[in-house]
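Only one chain is included here, represented as structure tokens and corresponding to the form predicted on its own.
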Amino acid sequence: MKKVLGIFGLLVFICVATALMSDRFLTEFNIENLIRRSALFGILSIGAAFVIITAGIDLSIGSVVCLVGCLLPWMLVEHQFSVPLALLVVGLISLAIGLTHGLLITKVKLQPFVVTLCGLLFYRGLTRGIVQDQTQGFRGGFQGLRELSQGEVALPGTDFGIPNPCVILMVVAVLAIIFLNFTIYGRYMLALGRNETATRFSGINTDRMTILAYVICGMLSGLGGMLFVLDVGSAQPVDFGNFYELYAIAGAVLGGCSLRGGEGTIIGVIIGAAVMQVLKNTITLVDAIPTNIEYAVIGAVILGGVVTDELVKRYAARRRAAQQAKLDQ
């Protein structure tokens, strides 16, 4: 809870500071766009959080976003797939990617970093090969489907609406919270991240939990890719989804997920994803900040989160040791 309150305080501070430095920050257009982008990256961050909770990592999120984001309009426009069939295909592809990652890590005993780094390269290369490096778009069609990401839920008595991706994020978040905190499998997953050996010796199928984490991450990456392309309307396979895995991982780490595993809250992850998007928005709106330092900011934020997590761990360990010493006396 302290971590959640801390990151929420950081979010409020950045918002207030940006509003004071730019009169464009609090405009209706900017706020609505900021909420939409935060929701889209929040979905990716929740997927990354499940993997990080198991002490893993997924570097392929951005490439999965690219693969799904390019294949969906490619199937609908170029090959006249029906909407349900196209959605089913990209859903199965996302599931298969997560399942493959999980199996390679648990059965072949490969490192998550290596598996997902190879996935980062493979899925983008595969996408470029399939669509022949051509930009894929909806060509003005499928407006009903695109409302899934572009539309909004109107608030009674106001001109402001909640973007549909935010509603989808709420659904995903509620399901994730229920799974992690109120099911036996969620507790197994947290235990796996804290101590895999002890969890395995207690009779829990740790391989199954690891595979499930990567399947969830793959599915949410695919959902994110679909929503992103429905939002912007087109996808260029060369750069669509570039570095999205960094935003997802940064959001999860900022939100309280320890890279050692075993810790994390979904609410914190969502706030962490929002912090990343507000920072990006700040860099864009505030003239005094160069726009070309965006990735430097992301790197600094990730490093700061990791350093803070390490310092907190050490402090907690020393405090427990001191308390134990007092009891022994």
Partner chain sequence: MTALTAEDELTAEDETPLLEVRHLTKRYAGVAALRDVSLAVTKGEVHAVIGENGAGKSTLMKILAGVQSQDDGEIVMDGQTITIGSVERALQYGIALIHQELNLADNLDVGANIFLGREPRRFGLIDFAKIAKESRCYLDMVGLDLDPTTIVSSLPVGVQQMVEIAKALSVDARVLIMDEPTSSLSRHETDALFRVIESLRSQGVTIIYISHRLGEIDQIADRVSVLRDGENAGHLTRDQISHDAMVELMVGRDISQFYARTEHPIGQGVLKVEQLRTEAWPQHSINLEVGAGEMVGLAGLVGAGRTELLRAIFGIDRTIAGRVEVDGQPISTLNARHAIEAGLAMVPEDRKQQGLILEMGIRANIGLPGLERNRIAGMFLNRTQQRSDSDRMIREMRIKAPNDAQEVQYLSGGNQQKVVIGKWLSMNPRVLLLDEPTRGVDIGAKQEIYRLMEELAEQGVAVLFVSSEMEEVLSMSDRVIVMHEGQITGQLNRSQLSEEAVMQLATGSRNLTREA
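In this text, rigid core is short for the largest set of C-alphas that superpose within 1.5 Å between two forms. Residue numbers count along the first chain shown, from 1. Predicted, not measured: the structure shown is a model, and the values here were computed from it.
What follows is about the form predicted in complex with the partner chain, which we do not show.
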*Is every one of Thr183, Leu190 and Asn195 in contact with the partner chain in the predicted complex, taking contact as a heavy atom within 4.5 Å?*
yes
message = At 4.5 Å between heavy atoms, is Arg208 in contact with the partner chain in the predicted complex?
response = yes
Q.
Please determine whether Ala321 contacts the partner chain in the predicted complex, using a 4.5 Å cut-off between heavy atoms.
A. yes
- [ ] Decide whether Phe160 counts as a contact residue for the partner chain in the predicted complex under a heavy atom distance cut-off of 4.5 Å.
- [x] no
Q) Any of the heavy atoms of Arg200 lying within 4.5 Å of the partner chain in the predicted complex? A) yes
Which of 149-157, 174-182, 127-135, 92-100 lies within 4.5 Å of the partner chain in the predicted complex, heavy atoms considered? The stretch 174-182
The listed residue (Ala317, Val12, Val306, Leu20) that reaches within 4.5 Å of the partner chain in the predicted complex by any heavy atom is Ala317
In the predicted complex, the residue from Met75, Ile204, Leu212, Leu104 with a non-hydrogen atom within 4.5 Å of the partner chain is Ile204
With both forms fit on the core, is the shift of the CA atom of Met21 between this form and the one not shown 2 Å or larger?
-> no
